[in-house]
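In the form predicted on its own, a lone chain appears below as structure tokens.
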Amino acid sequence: MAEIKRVTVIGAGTMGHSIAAISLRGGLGVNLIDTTESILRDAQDKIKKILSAQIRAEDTPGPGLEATVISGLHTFLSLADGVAGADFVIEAVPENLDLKKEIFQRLDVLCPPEVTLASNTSGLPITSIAADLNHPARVVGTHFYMPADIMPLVEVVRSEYSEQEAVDTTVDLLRLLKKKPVVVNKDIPGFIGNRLQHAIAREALFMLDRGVASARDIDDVVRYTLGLRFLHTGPLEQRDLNGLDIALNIAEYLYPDLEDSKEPPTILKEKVASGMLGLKSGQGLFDWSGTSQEEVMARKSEKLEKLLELMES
């Protein structure tokens, strides 16, 4: 891999500031780009909190380490200025395909051909983002999971144009940042993680809609059986452990009864139509009144960190 010393992150929001933080913690210089000074100031404050927490958790010795790490961060309002001198660029703007395509068309002109360009997306087609560029072979997808500074896995998505060098460079960079990269060889909607997540969510929503069980009980089945098992054994390895003959027998009678609707379930449409959007509105499939989104996500992040510590011990 070409030596990477400076990464540019485009977009200082939820994903962008977290990606910037882990890049700084990995010893890289970071150029962070967004549209206003207030967004960038807010991002800097959040990055400092992430780095401070990580440094305390690792009990890393050395006075002023946090200040030394944060000194590698530079912020920009100009795309041209922000990508100058970057060895790797990660775009992390909102999930809008036209916006991402516009940014990559500009990057294609601004960045030398040897600079790998990555789009952070949960499932937008990387092939479409790269299609009209002069150098589409250097474009890949990177799907960081939220919160990006905690969740270890990142999907590296190969478009129809991606060269192996771009994929390898991205994988090596992520390993440097102490992430666990997996390569998605087919640029399919939702990649791996979101397809699996939504397959489970679709079945859960339809069972709730049909009155099979309460929302809490359906979630508890996942949390206290599948969730625990999936920590150590993925769905494919579990088929081997059970025996593929048993898996086939179950599939033959169960698959015909599983939900395969191409339309969202009625309960989901009705909740959205009535403004019951979940945590952000106070009501959804559960009652979130009296809680703030920040508090809930902070508790979730704390539990994830403790769980990862146990897994690595």
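So that there is no doubt, residue numbering starts at 1 and follows the sequence shown. Keep in mind the model is a prediction, meaning the values are calculated, not measured.
Below, we turn to the form predicted together with a small molecule, even though it does not appear here.
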>> Only one of E95, D209, E237, D132 gets a heavy atom within 4.5 Å of the small molecule in the predicted bound form. Which one?
In response: E95
> Taking the partner as it appears in the predicted bound form, which of 283 to 291, 32 to 40, 254 to 262, 267 to 275 has residues with heavy atoms within 4.5 Å of the small molecule?
Replying inline: 32 to 40
> Hey, in the predicted bound form, is L205 touching the small molecule, heavy atoms inside 4.5 Å?
Replying inline: no
> How about I103: is it within 4.5 Å of the small molecule in the predicted bound form, going by heavy atoms?
Replying inline: yes
> How about T170: is it within 4.5 Å of the small molecule in the predicted bound form, going by heavy atoms?
Replying inline: no
>> Is H143 near the small molecule? Define near as a heavy atom within 4.5 Å, in the predicted bound form.
In response: yes
